[in-house]
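Only one chain is given next, in structure tokens, and it is the form predicted alone.
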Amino acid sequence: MMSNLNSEEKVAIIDSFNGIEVYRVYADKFKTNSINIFFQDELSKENAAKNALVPAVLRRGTSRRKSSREIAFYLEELYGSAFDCAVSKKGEYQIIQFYADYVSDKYTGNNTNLFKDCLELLFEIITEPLLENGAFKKDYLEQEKDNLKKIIEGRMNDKVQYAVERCFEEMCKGEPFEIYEYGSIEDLNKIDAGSLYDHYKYILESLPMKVFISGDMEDAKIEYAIKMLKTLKRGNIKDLASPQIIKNVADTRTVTEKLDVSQGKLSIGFRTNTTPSEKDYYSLVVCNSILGGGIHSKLFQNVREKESLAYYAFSRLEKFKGLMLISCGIETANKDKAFDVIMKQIEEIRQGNISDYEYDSSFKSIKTGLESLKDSQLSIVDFYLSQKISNTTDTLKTLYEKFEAVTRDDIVAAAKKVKLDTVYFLTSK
């Protein structure tokens, strides 16, 4: 059953110093290599918008290349290399990523060192920002604040995702996980060039860093990267708190929000009471696939097809926070009936009523998902970053082997740990 999951990447930690961990991901099937630099912070109201804004401003220009246009022209000279940055949310952590993707030097001739060129460009963008009067350039800052404001306001454009995020937020009120990965407009409006520059220095000096160098390259290049990383001026490295995953639910909350929508969005949130490092986690993943992980699932087959109660119906896990969420689009009048049929599907799993089709198809679906990760270096790197953040050591191969070992009894046990927390309903005005 394993097929090409046997031929996997080799991942190893190369060095660790000054709050920086350097990992090498050896993968020789790509014609490109990538350099990924991650800063990891706790989600907080105070810092979320600042963390999202810093990389957006840094990418606009450096002391040497004073605009994103100049950076883009230089990347073209480097055989069309790519650079980008991003902010993401993994559980109660906010991740700031800078990365470069470039053609492997073995395809460009003996006179190139694109690894060195791209690494130095990343360092230039991160450590040599374009400044104006000792702070970030005001024009760039205001433009990026407007862009970030549009992103925050645009959350509501995708009503399916909006309903999912709002349910998570309502579930986790008072917990760091309720904070949106881009922060709030209220906090964004408070940021000026000086305060953001101070925060940028805090990121560079104090936040834990994870660096992943992916592809096929000589040891000397890895050593050069470590040498450059050791030049960073680092201070007291922030000690990040562990997220709260296990939580008893005293009372189920029901939240209704009214917007201009033609279709109701029902989101049902659960506490899984399972951490990613537990054996039960693998059973939970299979359980989630049987429940709502595709066209083979109970939600699709029963809520959508048999009962015709939903336009779509799926479930998903938030592994870093121990949450499971069911989402479906329904006619508003069908809310109560849809809820009852959905809860019945969970109870069916708890009772062990799992067909061979559901059981076998779930493994196939999980395997396909893992195999698809291998088609992208960025996906591979994100997978291993996630392993480090959740304090697990799985590879793509060992992960699937653990899924394969899951029995029906294991799935039942995982389902019985799942507790209803919040019912969120987005309906029309």
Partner chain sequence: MEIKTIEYSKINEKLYIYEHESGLKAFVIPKKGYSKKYASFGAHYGSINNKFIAPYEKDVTAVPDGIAHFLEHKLFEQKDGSVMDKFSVIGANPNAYTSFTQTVYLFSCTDKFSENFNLLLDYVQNPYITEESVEKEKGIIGQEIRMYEDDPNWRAFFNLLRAFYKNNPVSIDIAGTVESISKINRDNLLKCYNTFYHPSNMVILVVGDVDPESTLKMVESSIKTTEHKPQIQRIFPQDESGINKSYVEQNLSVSIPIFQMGFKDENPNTNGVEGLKQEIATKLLLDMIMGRSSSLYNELYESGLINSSFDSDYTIEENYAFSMFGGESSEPLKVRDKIMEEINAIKANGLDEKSFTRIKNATKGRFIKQLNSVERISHLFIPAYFRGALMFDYFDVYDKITFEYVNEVFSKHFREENLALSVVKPV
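Positions refer to the first chain, counted from 1. Note that the structure is a prediction, hence the values are computed from the model and not measured.
In what follows, reference is made to the form predicted in complex with the partner chain, a form of this protein that is not presented.
Of the residues 330, 196, 125, 119, just one reaches the partner chain in the model of the complex with a heavy atom at 4.5 Å or closer; this is 330. Interface residue among 344, 306, 227, 201, judged by heavy atoms within 4.5 Å of the partner chain in the model of the complex: 306.
Heavy atoms within 4.5 Å of the partner chain in the model of the complex map, among the stretches 317-325, 164-172, 77-85, 274-282, onto 77-85 alone. The partner chain in the model of the complex is approached by residue 311, whose closest heavy atom lies within 4.5 angstroms of it. Proximity of residue 397 to the partner chain in the model of the complex falls outside the 4.5 Å heavy atom cutoff. In the model of the complex, no heavy atom of residue 134 sits within 4.5 Å of the partner chain.
At the 4.5 Å threshold, heavy atoms of residue 102 reach the partner chain in the model of the complex.
Heavy atoms of no residue among 17, 62 and 187 are located within 4.5 Å of the partner chain in the model of the complex.
Of all the residues from 275-297, those having a non-hydrogen atom no more than 4.5 Å from the partner chain in the model of the complex are 295, 296.
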